[in-house]
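The data below hold one chain only, encoded as structure tokens and taken in the form predicted on its own.
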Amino acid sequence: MTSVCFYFQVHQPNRLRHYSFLDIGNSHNYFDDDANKFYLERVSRKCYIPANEKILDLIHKTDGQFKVAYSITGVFLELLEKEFPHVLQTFVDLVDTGCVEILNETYYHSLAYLVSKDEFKNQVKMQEKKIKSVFGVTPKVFRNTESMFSNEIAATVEQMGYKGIICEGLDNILTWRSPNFLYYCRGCSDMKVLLRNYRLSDDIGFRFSTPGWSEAPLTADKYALWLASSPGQTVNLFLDYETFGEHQWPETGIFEFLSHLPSEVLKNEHMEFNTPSELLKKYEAIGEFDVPYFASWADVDRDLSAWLENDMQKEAFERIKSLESKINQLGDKTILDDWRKLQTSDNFYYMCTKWFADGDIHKYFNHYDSPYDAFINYMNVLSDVEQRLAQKNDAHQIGELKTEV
């Protein structure tokens, strides 16, 4: 048998409001609640609600043979709980079928591992608790923010008790090998790596409605034949969930494609759908996957340059990173939450100046006019956070002196 494994990333950030230099020291209200609600309502209407309804229907129509997995960030779950609890319930209904697996990641969809291992672990544990409270399940497979991966990250995740981790199917690491197998990661004892088949994934995520694509139109029967002819243990199709209805509009036929795909795949007797955890039980790893540097699934470069390439991104990240010890020493939950929301990868994505092959990707859901506006706005907010920290620490020190006297 050959498996087909669908995994969907679900995330919306807490967008920063327009925060000017004059706001520093006068307002600690950093986040644009109206914009967050606007985007969340739009994407719920175009993607989350219809896609969830479609997948639930497909699970029932196939008697549970169609299976998928999601990674749903903690900040996204917070926004749904606050603004659209009925949308959240549709995700809960999917998990309740027993055919949907929830993976874990960082609560804030952040670059936490690059801040420190302790911060990373704290955010992962926060996410574990959130998933347990919302869905009643404990995740066994990990997917880091934007599939950020390295041997070191994998070893840390294994130490936290995970049995599997997701990574991009990196050509330069695989060389002649196929992403359609499970691998071991160097430095881990028995945790398995699940690799994204980016070519077949991107056929849906990016090329589906591309004008002039030689394979257009992409139909379910054609795609199912591609999957059926793919050698290996499993074809891992990892996508942003917003592909359905938002990135690929309904007019492209994306929902019709999704409607017919499971039945077309299951026409092949050697094909079945599996969740990531089922893959870990079903298949043995065939070899080592050695990634000594930080990789990701972002852009054509598959590295960290989407967030940390230019001087603006580097300066902003070093500033936010430098506050860790002061934040932890202070113990103020409100400031801690603000600081962690500022770690969200989207904030650095908005500052990206890579306008070549990936230009449209960086502009999507971007509410800034330019990367420079994003940087200035972010640094104004960060300056206020630093000022709050200084004031709180001064007050704390004065209080200690009075106690001693």
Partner chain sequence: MNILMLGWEFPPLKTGGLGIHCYHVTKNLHAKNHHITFFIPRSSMDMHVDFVDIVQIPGCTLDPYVKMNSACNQVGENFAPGIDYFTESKKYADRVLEKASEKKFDVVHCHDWMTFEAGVKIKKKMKKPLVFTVHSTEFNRSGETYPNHKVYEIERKSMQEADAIIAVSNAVKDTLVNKYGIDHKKIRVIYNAVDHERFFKQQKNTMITCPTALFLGRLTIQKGAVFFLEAARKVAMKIPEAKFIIAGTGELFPELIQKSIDLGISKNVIFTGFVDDKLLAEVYKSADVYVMPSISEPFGITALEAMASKVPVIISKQSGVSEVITHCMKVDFWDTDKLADRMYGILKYASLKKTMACHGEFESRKFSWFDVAGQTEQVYARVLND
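Numbering follows the first chain given and starts at 1. Note that the coordinates shown come from a computational prediction; the quantities given were computed from them, not determined experimentally.
Not pictured, yet referred to below: the form predicted together with its partner chain.
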Taking any heavy atom pair closer than or equal to 4.5 Å as contact, tell me whether Asn310 reaches its partner chain in the predicted complex.
yes
Can you work out whether Ala390 and its partner chain are in contact in the predicted complex, taking contact to mean some heavy atom pair no more than 4.5 Å apart?
no
Evaluate Phe375 for contact with its partner chain in the predicted complex, applying a 4.5 angstroms cut-off between non-hydrogen atoms, and reply yes or no.
yes
Any non-hydrogen atom of Val43 within 4.5 angstroms of its partner chain in the predicted complex
no
Heavy atom within 4.5 Å of its partner chain in the predicted complex, from candidates Met379, Leu336, Ala35, Leu56, belongs to Met379
Check for me whether its partner chain, as it appears in the predicted complex, comes within 4.5 angstroms of all of Gln159, Asp190 and Arg196 - heavy atoms only.
no
Given that the partner is absent here, state which listed stretch (141 to 149, 72 to 80, 313 to 321, 210 to 218) has heavy atoms within 4.5 Å of its partner chain in the predicted complex.
313 to 321
Is any part of 2 to 39 within 4.5 angstroms of its partner chain in the predicted complex by a non-hydrogen atom, and which residues would that be?
His18, Tyr19, Ser20, Phe21, Leu22, Ile24
